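Coming up is one lone chain in structure tokens, specifically the form predicted alone.
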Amino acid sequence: MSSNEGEDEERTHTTLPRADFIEDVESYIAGSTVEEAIQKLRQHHELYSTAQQRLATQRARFMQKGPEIKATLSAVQLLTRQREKQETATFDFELTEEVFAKARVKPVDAVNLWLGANVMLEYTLEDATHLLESNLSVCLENLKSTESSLDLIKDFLTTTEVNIARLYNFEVLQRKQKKDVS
């Protein structure tokens, strides 16, 4: 794999600049000061930290949505099985936090799904099952992609921190050499 292919692969995860390890500090800071190079790396570090926080929030949202979708899908599948058997289903549902109620539901052909943003729509059991399976699949794919991007950002943060330390060490070494020469 060429270096361009690796760069393209990393850019599919994020639009942030790559964090490459600085092999040769002297050539890296050529034409600028150590302070300017450190400032540039600090700006990148801040970008990476912000992206990490945003992705962590997204991951938490996907991790919460997944079980909710699974539970709803399970309930719709139970209703489908109960309809096929022509039996009444019994559900425990949450009224408020820590307060539950029992409900007996006769066989039904449709359910109402809460879509968010104050929107609730009625679906047939088959359509609801299809929609929920699709949403679960998308949620799991998004979670996987977000976790992959988080791993990449963590690598960028670590590399940037190491590079900043190397620049500091280089500056200390330069000062020491100037002091020894004097």
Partner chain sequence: MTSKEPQTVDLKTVEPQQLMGLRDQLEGEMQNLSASATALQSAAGQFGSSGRAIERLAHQESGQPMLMPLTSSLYVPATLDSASNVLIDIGASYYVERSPADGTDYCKRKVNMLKDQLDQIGQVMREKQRIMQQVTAVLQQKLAAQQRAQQS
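In this text the structure is predicted, and so the values were computed from the model without any measurement. Residue numbers count along the first chain shown, from 1. Note that the rigid core is defined as the largest set of C-alphas that superpose within 1.5 Å between two forms.
Not on display, but discussed next: the form predicted together with the partner chain.
Stretch 113 to 121 is the contacting one of 113 to 121, 53 to 61, 30 to 38, 138 to 146, since its residues have non-hydrogen atoms within 4.5 Å of the partner chain in the predicted complex. In the predicted complex, the partner chain sits beyond 4.5 Å of every heavy atom of K85. Of all the residues from 77 to 98, those having a non-hydrogen atom no more than 4.5 Å from the partner chain in the predicted complex are L79, T90, F91, D92, F93, E94, L95, T96, E97, E98. Once both forms are overlaid on the rigid core, the distance between the two CA positions of R104 between the shown form and the other one is 2 angstroms or more. Once both forms are fitted on their rigid core, the CA atom of E94 lies 2 Å or more apart between the shown form and the other one.
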